[in-house]
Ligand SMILES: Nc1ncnc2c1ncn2[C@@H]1O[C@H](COP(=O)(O)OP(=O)(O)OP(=O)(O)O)[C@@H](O)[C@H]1O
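Here we start with a single chain on its own, the form predicted on its own, put down as structure tokens.
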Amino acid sequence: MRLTHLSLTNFRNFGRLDLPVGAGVTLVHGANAQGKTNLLEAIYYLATTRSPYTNQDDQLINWDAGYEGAQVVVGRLVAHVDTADGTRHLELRLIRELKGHKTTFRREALVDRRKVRLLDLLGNLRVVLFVPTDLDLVTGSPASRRRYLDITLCQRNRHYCRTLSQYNKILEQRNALLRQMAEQGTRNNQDVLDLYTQRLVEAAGQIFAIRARLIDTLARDVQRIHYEQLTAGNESLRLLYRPRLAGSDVDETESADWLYNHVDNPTIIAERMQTALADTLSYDIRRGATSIGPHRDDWVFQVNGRSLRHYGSRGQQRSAVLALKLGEIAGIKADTGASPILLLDDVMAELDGTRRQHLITALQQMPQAMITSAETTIFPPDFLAQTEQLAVDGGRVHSVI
């Protein structure tokens, strides 16, 4: 898989950009706030339909974009991707709509110039993004770690993404009904609740199983990379799944062990969750929310048997995230047969010399990678000699020879 051309219209500070993209490593450099990060964000957005920096689509639109009328395409991202099955033409449109006095934005996806669902865009372009804020995967909230799992899995498994979307819709309906039952002080809608619960646990059983398989595989790759390559055998690193498959009074390690023993049978997993939801029903009605399920999952790092979040140094935390990203690359290649595109947004300055050299070595082994930096002096001369260099200045990109 290789990105050969990127076209942007009114995306961030790019009014118009047509950029041929070469194989191997491309180094994008320039002063801050000129558009380096925006370039990587556009590629990531096309691959995942999400921005790593904002949940508001209107923030992606170029400030100078002019538009009139009730409906107009104000932003467009287009990529040409070479795959084993031929060249794919991918497009995401950001459409402004005026409904009454309210302005909204929606997205429209096209593959080979035919409109598709946003879900069907996933998997046509696969990327792994590494940014300085990825340290939040160690120190941040469970929601950020769940988001990482979901984006990673959606690039590798469309069935997972469809199931997750279905689960989230049912969860919203079930929670609304729980709130209604709490306000009315009655269980007259128990039959409807039972229907939502049955559909919820069926989807949840599949989500739990797929997440468990990913973390198990990823944990082996991460441990190998961290132990053998980053710490010269001095430290062990573990990824531990913490599924919310039972009430808070049940140890999450016990739930994880049980889940791994039944990972090939989503039906049994769903039955266990259904039993747990029955046990917590009164509590959930009082809260107006479902307290058990994949939406409450977490996963954590341990280094040498201790919590990396609470006891690890910043250097150890950076090593763990670097190992995670490199493990993610290996996993995508194993699952799909093709290497993803590696995107590195200004991360070299965050790494010490040993980790920086290891990442450079990994970069040179990738079929395609793009890295941004405010300066080029931090890179070895032999590395610079082998890379294509692009300079970005005020939303304009030009090749450096």
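Since the structure is predicted, the reported quantities are computational estimates derived from the model, not experimental observations. Position 1 is the first residue in the sequence shown; the rest follow in order.
Note that the form predicted together with the ligand isn't included here; everything after this is about it.
The shortest heavy atom separation between D335 and the ligand in the model of the complex exceeds 4.5 Å. The closest non-hydrogen atom of N38 lies within 4.5 Å of the ligand in the model of the complex. Among residues of the shown chain, L351 is not one whose heavy atoms approach the ligand to within 4.5 Å in the model of the complex.
For the chain shown alone, N13 is a contact residue for the ligand in the model of the complex, at least one non-hydrogen atom being within 4.5 angstroms. Stretch 29-37 is the contacting one of 363-371, 29-37, 44-52, 336-344, since its residues have non-hydrogen atoms within 4.5 Å of the ligand in the model of the complex.
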